[in-house]
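Just the one chain here, laid out as structure tokens, in the form predicted alone.
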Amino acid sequence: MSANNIQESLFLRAAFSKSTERPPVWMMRQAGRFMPEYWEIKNKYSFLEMCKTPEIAADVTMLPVNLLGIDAAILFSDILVTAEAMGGDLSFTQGVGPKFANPVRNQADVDRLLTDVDDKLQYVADAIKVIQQRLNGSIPLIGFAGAPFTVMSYLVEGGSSKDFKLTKLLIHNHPELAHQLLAKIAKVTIDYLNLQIDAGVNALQLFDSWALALSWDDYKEFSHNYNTEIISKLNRKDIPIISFCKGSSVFAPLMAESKPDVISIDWNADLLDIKRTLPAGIAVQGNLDPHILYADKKVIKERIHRLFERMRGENGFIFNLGHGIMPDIPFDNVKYAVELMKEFRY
């Protein structure tokens, strides 16, 4: 497939709710720690070095393309690069995850965050160009960003959190300050995604990974409204935008109001039931429980076929997991699952 007719790819046709002969497949965290080849690279470089070195980011992005034969590549990066560019002192520690040495807790902390940071994120645009040279029009490339609420939670908590206590205290006790912070992150996110479009991505995904921490009203005020603003300000001609959150099975009706092209659904819902509640023209992505990939191959086959038969006859279905692949899922099981899906025909 040439770059000129990439719009005819399975993935982009499904994303725009056109008919496909089978569901396209890609998986969140597909270029990750479940692959020995990833560790060969990771053992030589820090995580941020991998993200910030275009050739290395391209190497990692291409691993699932070459080893699994998936239908879309996704840029190797991290949702927190925007927060780092804004002034967050970010580090990643094995077994701990991301940490910000200077968490955002008060007005002065919010005031010091920068919003004109495209130059600091140029390495992402450079990586996209290298990846597209490597892909050479074979499959689409998905770019992405973290949604404002999720990025805010890391900045406020200083890293990962189980209960989001500090984030919730901020939005409940100091909502005006929370909105100032979210507005800054949203501005950076809009610029960053448009930078990715200019660099040559074929699709985008907005990751609101921790939206499920919020009640319905709080999600609407502190997440949904900002995601809507971001999607409305993207230069998205021929570039589908996928909206993802853990909790999409709950928040899908609101997510649809933001007018994404695709909503990625977690594994807690029946995918067809969700799709039938959405406006015409919004595709769905999902929604296999990633834990299924630990199971025996006969279970993997049965569950994939059950999902695909459930969605038979539906335009606008992209296969994915309900969340990312876990690092200790056997690579052989992932490869088997992808091969099964590529053999399927409607």
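Every value quoted in this text rests on a predicted model; they were computed, and no experiment measured them. Position 1 is the first residue in the sequence shown; the rest follow in order.
One more form of this protein should be noted, the form predicted in complex with a small molecule, which is absent from this view; the next part is about it.
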property: Heavy atom within 4.5 Å of the small molecule in the predicted bound form - residue from Asp109, Asp78, Glu229, Asp126; result: Asp78
property: Contact residue in the predicted bound form, from Ser249, Gln132, Ser209, Thr82 (heavy atom within 4.5 Å of the small molecule); result: Ser209
property: Interface stretch in the predicted bound form with the small molecule - options 311-319, 291-299, 273-281, 31-39, non-hydrogen atom within 4.5 Å; result: 31-39
property: Tyr192, heavy atom within 4.5 angstroms of the small molecule in the predicted bound form; result: no
property: Residue contact check: Asn235 to the small molecule in the predicted bound form, 4.5 Å heavy atom; result: no
property: Contact label in the predicted bound form: Ile74 to the small molecule, heavy atom within 4.5 Å; result: yes
property: Any non-hydrogen atom of Pro98 within 4.5 angstroms of the small molecule in the predicted bound form; result: yes
